[in-house]
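Single chain ahead, by itself, as structure tokens, in the form predicted alone.
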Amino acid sequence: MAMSHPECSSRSPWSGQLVLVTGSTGFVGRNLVPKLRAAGCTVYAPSRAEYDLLEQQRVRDMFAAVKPEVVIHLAALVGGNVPNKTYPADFCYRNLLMNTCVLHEAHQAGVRKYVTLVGGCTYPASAPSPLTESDLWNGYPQAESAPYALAKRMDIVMSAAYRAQYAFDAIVFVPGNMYGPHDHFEDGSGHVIPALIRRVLDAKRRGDPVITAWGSGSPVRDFVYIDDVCDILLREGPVYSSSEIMNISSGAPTTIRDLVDTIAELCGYEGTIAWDTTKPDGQMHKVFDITRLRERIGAFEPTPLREGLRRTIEWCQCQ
């Protein structure tokens, strides 16, 4: 059975329940919260000014005041390779503390369901592609982001521990390389797709005849449109109940060269793409195994990359 589109989806099993969403102003949160509300959920989306998730007493106060039935924990300190290398202690400490406080206090408050996400960088740098969930503990993450990645891995450990000791229904999903509206489009600080879109649009605006891209363009990645991730969270979040993580991605390989060419075409850029092969390619092949996801939901038809990119570029141009 193929996953239905949002406009024809039935109401979520969470319909009518109070769902607390941390990190609601982030990339995933901005896309997920409207879908939760459209599905009939009552959503509470606190700001950091209201409740600092680094302060356990404030987290406890939040749960006492809100009394949610469901928690979707999306709050995190995130960034690319440069900030991860510059501030490794911050990335480790803040994510460890936020995850610990929110999960523990959710359990203490009697929350019925706890859902969180960890990034694909939590997988070992040496893990074979496609990345299967069983590969997670078979090595160390990429060194540049290891403090962040290992802090997020601990969310998986804690979720399993609280399920084992307290029967607390905490689950963890692992999205692939997400892209779409509300991402960070600042060139140099965003993920690969929003950064490329911003670079190409700026080059087109300035009339630059050449854009330089790093590496050979040969590395292969797996991109998933944000709407697909949010729809699966709405569908599987209420019913998936396991200590086993689950990948959410397209499972479709795309070379960086094809990605850059498609973005340039969709942006209407007519200049030349020059590949600087003196720059590193990074990991050559990183695709996610989505066998477990397909076993859960049947025939999964992800948004085609070209269509997702078109929607994302249109959104970016309207900002």
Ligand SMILES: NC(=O)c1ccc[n+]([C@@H]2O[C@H](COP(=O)([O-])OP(=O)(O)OC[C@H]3O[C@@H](n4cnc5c(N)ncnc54)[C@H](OP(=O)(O)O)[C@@H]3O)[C@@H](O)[C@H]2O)c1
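Owing to the predicted nature of the structure, the values given are computational and were not obtained by experimental measurement. Residue indices: 1-based, along the sequence shown.
We do not show the form predicted in complex with the ligand, though everything after this point is about it.
Asker: For the interface check, one of 33 to 41, 269 to 277, 50 to 58, 256 to 264 should have non-hydrogen atoms within 4.5 Å of the ligand in the predicted complex; which one?
Answerer: Contact-bearing stretch, as computed: 50 to 58.
Asker: Does the ligand come within 4.5 Å of a heavy atom in each of 71, 107 and 172 in the predicted complex?
Answerer: Checked in the predicted complex: no contact with the ligand for any of the three.
Asker: Give a yes or no for residue 98: in the predicted complex, does one of its heavy atoms lie within 4.5 Å of a heavy atom belonging to the ligand?
Answerer: Output for residue 98 is yes: heavy atoms within 4.5 Å of the ligand.
Asker: Although the partner isn't part of this model, could you tell me whether residue 117 comes within 4.5 Å of the ligand in the predicted complex, counting any heavy atom of the residue?
Answerer: Result yes; residue 117 sits at the interface with the ligand in the predicted complex.
Asker: Any chance residue 223 has a heavy atom within 4.5 Å of the ligand in the predicted complex?
Answerer: Close contact is absent here: in the predicted complex, residue 223 is far from the ligand, nothing within 4.5 Å, heavy atoms only.
Asker: Within a 4.5 Å heavy atom cut-off, is residue 25 in contact with the ligand in the predicted complex?
Answerer: Contact check for residue 25: yes, within 4.5 Å of the ligand in the predicted complex.
Asker: So which of 153, 198, 113, 191 gets a non-hydrogen atom within 4.5 Å of the ligand in the predicted complex?
Answerer: Going through each option in turn, the one that passes is 191.
Asker: Consider the chain as shown here, without its partner, and state which of 149, 131, 230, 178 has a heavy atom within 4.5 Å of the ligand in the predicted complex.
Answerer: Result of the distance check: 178.
Asker: Which residues, if any, of 67 to 89 lie within 4.5 Å of the ligand in the predicted complex when only heavy atoms count?
Answerer: Sequence-ordered list: 74, 75, 76, 78.
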